[in-house]
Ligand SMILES: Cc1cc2nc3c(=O)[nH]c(=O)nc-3n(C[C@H](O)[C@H](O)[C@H](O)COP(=O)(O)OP(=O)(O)OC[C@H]3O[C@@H](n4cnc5c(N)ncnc54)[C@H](O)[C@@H]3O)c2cc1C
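The chain below stands alone and is given as structure tokens, in the form predicted alone.
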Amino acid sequence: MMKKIKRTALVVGAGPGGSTAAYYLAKLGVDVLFVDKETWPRDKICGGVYVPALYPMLKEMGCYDEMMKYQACSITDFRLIDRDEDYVDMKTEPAMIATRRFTDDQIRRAAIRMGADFMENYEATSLIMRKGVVKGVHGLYHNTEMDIEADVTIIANGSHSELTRQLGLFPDPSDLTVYAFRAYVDGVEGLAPNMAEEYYVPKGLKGWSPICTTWLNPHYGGKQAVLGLTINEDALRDSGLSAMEFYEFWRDNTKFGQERLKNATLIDKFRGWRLPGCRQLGKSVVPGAIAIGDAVGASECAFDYGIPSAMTGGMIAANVIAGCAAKDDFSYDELNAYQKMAEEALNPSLGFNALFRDELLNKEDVMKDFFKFVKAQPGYPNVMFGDTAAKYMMEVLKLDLGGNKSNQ
């Protein structure tokens, strides 16, 4: 016989967004169960960047200090390298680079400590729908069918989410979607211990990409690094190469590739995922459910940062649901308060990154002019990325940033 569970709030996905939602729901006194299909701790295929905007939340959750113990490095500088291997260096607020296997687990543990119930090895396969309202999920618990019903469901299971696809919420814009791959490497040469490097389409290949196609994030003094590829569909098609051939071209035919990796060895194999970004937060609420983070493509589209949007969304969703629970009213009108609150919190940063991508990074000649502008700033290279990028977009490109702002 199929087993059934009934809870007030169900969170599907225990990544940073889902665990944050579970933490705040428990803190606000809401009966909550959060589930994940993996066995924890689990690894996550990405760059593992936690930006300073998240630190107050991590400290409130009581996991900041423990996460810092697992920090591989603190990124304070980054370098953008163009097709001709000209580059510009800038400063950023210190960002935590860490292995997601450990740091994500600290956020999950914080939710459990606060009183949220957790179930691993539960794969949500589809939504329970009654008269157009989400009432929980059908799923498999250790390959045994189990339904979990809830007054409200938070969908936080990432860019692979079949649940948001079922609802028609999952965006799939080809111009904002990248194929991403990551591996750990040892024996990297010349990489500064606190500087991330981002490389754009190398000379000798056709096309251009507003997303850096290759990147290195240093670990443990710079000899180890996370090596990544983020290639949008257009750039990959124009190159005429597969993703691995694209990487091999960069490694073998560029000055930086040859220097950085001449003595390097892969610690593990390349693993990949498909990641959609956005210019503004899309529709995230349906009757009975709120979707957050990558499950609604909420990553920033210039640098593919998804953790800030996911965790902020999780906190906001928890507060909205706590209000619904206090009134015993989980109607769509009540839940939809999330949409406006999340847009107000997330769209300034999403909008800034969209402008930076579309008006600057997407145009090779403009990017070169930006390099000249940055190098001409007083104090270069000790100039802040966010402030300098905003200054260029307003003074040179004559863009009205409105309320858009960087979270860097």
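Start at 1 with the first residue shown and count on from there. If you're wondering where the values come from, they're calculated on a predicted model, not measured in any experiment.
Below: the form predicted together with the named molecule, not depicted.
Within 4.5 Å of the named molecule in the predicted bound form, a heavy atom is found for not a single one of G136, G288 and E334.
Contact with the named molecule in the predicted bound form, judged as any non-hydrogen atom within 4.5 angstroms, is confined among 128-136, 190-198, 273-281, 242-250 to 273-281. F78 falls outside the set of residues with a heavy atom inside 4.5 Å of the named molecule in the predicted bound form. By the criterion of a heavy atom within 4.5 Å, G351 is excluded from the residues contacting the named molecule in the predicted bound form.
The closest heavy atom approach of V35 to the named molecule in the predicted bound form falls within 4.5 Å. For V12, a non-hydrogen atom is located within 4.5 Å of the named molecule in the predicted bound form, even though that partner is not displayed. Contact with the named molecule in the predicted bound form, defined as a heavy atom within 4.5 Å, holds for exactly one of A53, V30, L360, C46, namely C46.
This chain lacks the partner; the member of A111, A310, A95, A225 within 4.5 angstroms of the named molecule in the predicted bound form by a non-hydrogen atom is A310.
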